[in-house]
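Next up: just one chain, as structure tokens, the form predicted alone.
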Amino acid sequence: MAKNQNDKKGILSTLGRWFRRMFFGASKELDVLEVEKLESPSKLAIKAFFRRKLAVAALIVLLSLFLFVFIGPYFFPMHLTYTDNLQANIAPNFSMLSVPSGLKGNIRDINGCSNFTVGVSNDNTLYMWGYTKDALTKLDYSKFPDIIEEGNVLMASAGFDHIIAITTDGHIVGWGNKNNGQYGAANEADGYISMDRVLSEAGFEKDGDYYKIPDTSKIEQLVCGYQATALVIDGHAYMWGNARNYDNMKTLAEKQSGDIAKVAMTNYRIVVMKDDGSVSGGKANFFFKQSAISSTQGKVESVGDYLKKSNVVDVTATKDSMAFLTDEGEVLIFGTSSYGEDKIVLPEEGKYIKLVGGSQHILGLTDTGKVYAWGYNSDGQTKISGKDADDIFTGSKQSYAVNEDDELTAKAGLRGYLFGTDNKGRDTFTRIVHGGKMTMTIGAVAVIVSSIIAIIIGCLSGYFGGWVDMLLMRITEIFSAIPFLPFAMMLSFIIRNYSIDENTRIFIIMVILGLLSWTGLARMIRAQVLAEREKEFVIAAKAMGVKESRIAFKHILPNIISVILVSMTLDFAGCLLTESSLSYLGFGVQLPQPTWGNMLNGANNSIVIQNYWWQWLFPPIFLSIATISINIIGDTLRDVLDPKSSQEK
């Protein structure tokens, strides 16, 4: 009786296990039975790959690079045609918004049009911050002349590569670069206006090495531009510097009328505002027949004629445009407005009473004590809008708000450059992000094109053999005999001479790289197919009447996919290097579109190599990291996918 009951329990238990297996899968009881676990080759390969720390590290680095170059452009946008000679060749630094602590609570003036800014405190002390060195000339602008001491600077102004300061006892002091007449003596036959001649003819006496102003109370303005300076004293403007760059400087300097209130400088023009609210632009008043943008009237056809009917109370300038402010609070923008300088922001209440300009943005202060900013905002320089202020100042790409106690209450703008700038003032970090996207896209598309061709040629040649193999292999040998780099350079040069858009030309470069790099993989696939086609599963497929093309591409090809995968991975690194080589030599993607290769195109001379190390260091670092990581991953895949690998036995 007991035995029958045990038999019934055993049967019921067995049926229960079968039921659970059928509807719920294998139970954990199988572990107790110590049944050998069977895993697919792909799972074994994945496990073997992730057991290798170096390969895992390379995979993480490569994925990080992909995220960096494909997602990064959304966070670091790039203006493709952007250039700024005021920011050219700046080394990595983050000091451009670092106002010295001694100045923050005691500000009289702040100004700058380049990569460094100067400020003067109410206790007559001069401060400087930003990138104060010139890597080529080895000048350090922060090294003041001995005459400049704490508490003896009345005013100072910073140009592109020079500084002019006036001491409390009236000495006019200049330092920095003076090769273009920025201060001191200059060769006027070369198109420069000599500071020494201008000041001596004005009657200023020389005290030692410096000219001296007898009555500093009559000084109304000191302003430095790109490579020039203007000093307004008692209604007279004294100008000197690079007259070749400022083609109206000499004309304005000769038309002294004793009623000049203010001078403003772009990189190439000078405008003068007079006490009666009229303005002058030099040669034939060049802006009188040109259009401008008004904050109230929209487009104005003749800004000169329009300003005759208005009373101008303030004038300022960016590097390419001028801004006029009338007594009614109307703002007019004249000149090139490539970076949104003409997108005037209207105040929510009140009217503008003061304008100041950076290199590409403009700040306006209202009579209600509010700051508004517009123009280029690549570095957040206009994010100071809406702040309270009693006075406003700008650097090249910085904005500052000051309260009634002369304390710095807000600042915004460019802090510096992580990887420095190139010879056109473009941020190297941003261009590396966008250049990496282009380089990796070209490499990926080229690999896909070459792999498709290699798979088709290799499978057909290896499977069918005979005359098909003979024909396809001879074609492969012809392509492999072509000298790759010279031929790619030649084709790229031919394409460059055709009037096609940049995107089409980049696509053609991708295809060219793919068409010239498939031969090695095709031979490898052919050899693998020759071995696979003699195996039993191919004979069985033929006996069942499966089509030849299906056998080649559906049965044999999956069995050699590991070889193809490894080869594609290694070829990807090769295509990255090839594209970079072509671009470096000037035959690949053309500037201003960046790639890691063409970013090095301007670094192939001794001046850049010796003085601007950041321009040739960072692009190849990223290229090297990418190619090394890809090669490590490819080598590891080859090992783990090879069943004969001794390391995985």
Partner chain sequence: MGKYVIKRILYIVVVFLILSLLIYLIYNMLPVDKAAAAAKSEIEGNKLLDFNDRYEYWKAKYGLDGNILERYGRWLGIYPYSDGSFNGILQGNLGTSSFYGKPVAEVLAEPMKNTIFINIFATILALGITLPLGIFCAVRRGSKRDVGVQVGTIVGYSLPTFIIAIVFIWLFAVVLGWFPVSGMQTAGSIGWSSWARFWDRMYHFALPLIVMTFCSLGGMTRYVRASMIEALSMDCIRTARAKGLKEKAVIYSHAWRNALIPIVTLVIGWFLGIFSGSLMIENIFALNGIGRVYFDSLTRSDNEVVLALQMFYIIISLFGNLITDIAYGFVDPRVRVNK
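All values derive from a computational prediction rather than experimental measurement. Positions refer to the first chain, counted from 1.
Same protein, other form: the form predicted together with the partner chain, not shown, and the subject of what follows.
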Is residue 46 close enough to touch the partner chain in the predicted complex, meaning at least one heavy atom pair within 4.5 Å? no
Do residue 487 and the partner chain share at least one heavy atom pair within 4.5 Å in the predicted complex? yes
Find out whether any non-hydrogen atom of residue 590 is located within 4.5 angstroms of the partner chain in the predicted complex, and reply yes or no. no
Even though the partner chain is not shown here, does residue 482 get within 4.5 Å of it in the predicted complex, heavy atoms only? yes
If contact means a heavy atom within 4.5 Å, which one of 404-412, 92-100, 117-125, 497-505 is the stretch that engages the partner chain in the predicted complex? 497-505
I have 474, 606 and 616 flagged as a candidate spot, so tell me whether each of them has a non-hydrogen atom within 4.5 Å of the partner chain in the predicted complex. yes
Interface residue in the predicted complex among 62, 69, 55, 600, criterion: non-hydrogen atom within 4.5 angstroms of the partner chain: 600
